[in-house]
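Just one chain is shown here, as structure tokens, and it is the form predicted alone.
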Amino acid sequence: MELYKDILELYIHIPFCVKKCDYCDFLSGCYDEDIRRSYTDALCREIKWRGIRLGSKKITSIYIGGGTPSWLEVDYMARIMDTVHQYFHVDPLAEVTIECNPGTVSAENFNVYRSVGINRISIGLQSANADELKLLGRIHTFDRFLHTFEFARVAGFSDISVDIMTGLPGQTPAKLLQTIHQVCRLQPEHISAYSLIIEKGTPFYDRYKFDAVKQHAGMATEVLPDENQEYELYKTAQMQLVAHGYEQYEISNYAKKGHVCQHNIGYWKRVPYLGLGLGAASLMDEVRFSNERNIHDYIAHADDLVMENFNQESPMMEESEKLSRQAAMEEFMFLGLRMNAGVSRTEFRQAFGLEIDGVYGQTIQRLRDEGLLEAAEGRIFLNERGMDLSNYAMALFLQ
């Protein structure tokens, strides 16, 4: 996309966990120290190989996700970040985030993270209620979360995000309010409030798959919140977080002024991004590709990377797809409309050489007539009712 031709975001995948959570379908697992060391070697080799080819692009954000990145030894993490800075041009103002889970991180971790250029912490709390944490299969307590948050503050981090979850089995508005109030009193700069999704291949799917089908069909459920209860929990989180001084800037994300997650905004605006590590996905030049998902094959293929061969395709790549212009325009719309600010007419024109109304005029007018979408100051965005019905609204842009 010409709109962002000289910049790039980096995603770095750390696929290690102490224990797999019962709802998680991310590419992660429990591995010994030998695998963690070998994986770090392979990852640094991939970073070098990619950096030699793309190092002239300015890196505007880095996101280290997992898995549980904080479970990786800090000297390995330092080596990874040193390799990034050696082979990529990282903007001095780049947002650099690492995900951390309570129970896997010490005060020393945060001091090392600061020293290697990480400036943003994302802590996975999910709930302040002991019974909900146990239900989710989390390894930490709320007290352990409090210690982790304090470690980050003492180390000097002034940009901390906390994840919480809504729509849990048996969750009530009162329980959700307890979590929100406990988190907000700490004044993190950012809060993500994600709705639970029951994914195939997880223990949660085995337990709740029939209830999940009923939930999606709008039927009465047994343990999961039904459609109306799920909406009530979403609105409870929204109203309470806004009341505590957080601005909702995307369907599931809230921030204090000046603390939105730039990396995620890049995803929603389709800024080119490069995924590094096991199974990591990328979007560059309207080509979507992803890495090998088997950790042993990923490590083995690192030896096949030839630094001097600029015509070499990455042996770690598993899938690749060239997006059509129509698919790219559809993504621009349904990803951009996740944000409260919506999409820019000017950016659409710069990206595709077309006027947005020439492509989506009828859809835009239909949603305006239905009272779901508004236009102002060169932007098109869903209003509050439109956000509540966002799945319906966004689906209309898929031609």
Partner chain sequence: MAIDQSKVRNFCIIAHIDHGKSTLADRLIEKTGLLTEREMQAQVLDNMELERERGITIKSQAVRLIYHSEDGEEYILNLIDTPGHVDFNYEVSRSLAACDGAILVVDAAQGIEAQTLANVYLALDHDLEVLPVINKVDLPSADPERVINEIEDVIGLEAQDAPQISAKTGLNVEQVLAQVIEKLPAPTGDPSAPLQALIFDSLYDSYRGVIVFCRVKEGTLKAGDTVRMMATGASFDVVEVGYFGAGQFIACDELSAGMVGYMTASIKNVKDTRVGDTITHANRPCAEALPGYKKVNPMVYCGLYPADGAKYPDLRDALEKLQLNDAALQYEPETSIALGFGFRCGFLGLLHLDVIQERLEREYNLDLVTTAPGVVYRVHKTDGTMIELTNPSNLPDPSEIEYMEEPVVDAEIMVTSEYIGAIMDLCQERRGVYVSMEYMEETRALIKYVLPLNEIIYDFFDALKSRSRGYASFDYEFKGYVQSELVKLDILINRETVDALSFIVFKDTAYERGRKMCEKLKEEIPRHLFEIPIQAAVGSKIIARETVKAMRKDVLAKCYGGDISRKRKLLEKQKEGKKRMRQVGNVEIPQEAFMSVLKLDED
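Since this is a predicted model, take the numbers as computed values, not measurements. Residue numbers count along the first chain shown, from 1.
The protein also exists as the form predicted together with the partner chain; that form is not presented, and the subsequent description refers to it.
The candidate spot formed by W268, E330 and L396 lies fully in contact with the partner chain in the predicted bound form, as each residue has a heavy atom within 4.5 Å of it. This chain is drawn without the partner chain; in the predicted bound form, the residue among R288, H259, R79, R144 with a heavy atom within 4.5 Å of it is R288.
None of C30, I52, L354, L335 but one reaches within 4.5 angstroms of the partner chain in the predicted bound form through a heavy atom, and that residue is L335. Residues of just one listed stretch (40-48, 344-352, 54-62, 366-374) have heavy atoms within 4.5 Å of the partner chain in the predicted bound form: 366-374. Interface membership of S115, defined by any non-hydrogen atom within 4.5 Å of the partner chain in the predicted bound form, is ruled out. Residue contact with the partner chain in the predicted bound form: K19 places no heavy atom within 4.5 Å of it. Contact check for D163: no non-hydrogen atom falls within 4.5 Å of the partner chain in the predicted bound form.
Remark: F204 does not count among the residues lining the partner chain in the predicted bound form, judged by a heavy atom distance of 4.5 Å or less. Residues D25, F26 of 18-33 are found to place at least one heavy atom within 4.5 Å of the partner chain in the predicted bound form.
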